[in-house]
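In the block that follows, a single chain appears as structure tokens, in the form predicted on its own.
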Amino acid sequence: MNRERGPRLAGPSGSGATDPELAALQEILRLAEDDRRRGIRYWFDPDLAVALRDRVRGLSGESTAPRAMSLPPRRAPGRIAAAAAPAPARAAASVSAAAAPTDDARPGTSRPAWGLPADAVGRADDWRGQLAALGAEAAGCTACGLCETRQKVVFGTGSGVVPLVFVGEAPGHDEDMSGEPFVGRAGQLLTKIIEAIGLTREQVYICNVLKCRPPENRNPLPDEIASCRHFLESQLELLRPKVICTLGLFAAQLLLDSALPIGKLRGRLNTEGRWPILPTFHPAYLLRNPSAKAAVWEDVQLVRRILDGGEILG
């Protein structure tokens, strides 16, 4: 659909009229419906979807009475995330809403029937105490200039009971104020991504390459990464994850020692280093590019299958 011109609508007098707002809303709904058909149905607020449909009907001069909305057709992309879902997830898609966990009471919104993954193993008996001591050390770090502009050091969060670690880039404003990683809009989306594979933030561990916010959320500088990387490496050594999911470019390039762009790195499990690593897009990127959610859905399903022992780590 041409986003600039929008669809031609029949106004109250029956004459054609161009309504850019309607065109934009139809595009948003189309993207949401595409994701819903792929099983990515828990990343959208159902109340928002209803409100958008009502607004579209109002702009079209239609009744806002509840009914199924027919969206303009959209060509399906080449890779369909649902095809990569494990068998239990595909089977669960046919389960009624009354028989499976759902985000709302509407039919057809059943969640994949993920089981509980195995707990982490092989850690030191006092790994929690060592992790806390490392966090205290990071709180007083003055190794780079970021110590002069930060509000709080953002070390990491989560119980780490499940051996999965998400590694992002650096704290933003919300994280700098709270001292906890991924609490802004991107963090809220990450929470939903984690919940989509049957886990919670509290079960996994979430951290960043940098523990302090770069001013104005600029990209991390090489010397800042070099000064801070030992904290991340020590965190991973204590947590001994079964798989690491990197979020965005900087975490992937650092842990994979690569200069490739994230589009080349994502979706490929790397088992050559100390830890199995699966890079994917950063949640902030998804907020700007909703169509990339399908790729991330495929990636996190692979992460979940690794946790469940369904992938051979070569």
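Residues carry their position along the shown sequence, with the first being 1. Computed from a prediction, not measured in an experiment: that's the story for all the values here.
If you look for the form predicted together with a small molecule, you will not find it shown, but the lines that follow are about it.
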The small molecule in the predicted bound form has a heavy atom of only one listed residue within 4.5 Å, and of C228, I244, A170, L239 that residue is A170
Counting only heavy atoms and a 4.5 Å cutoff, which of 130-138, 155-163, 231-239, 175-183 contacts the small molecule in the predicted bound form? 175-183
Does the 4.5 Å heavy atom contact test between R266 and the small molecule in the predicted bound form come out positive? no
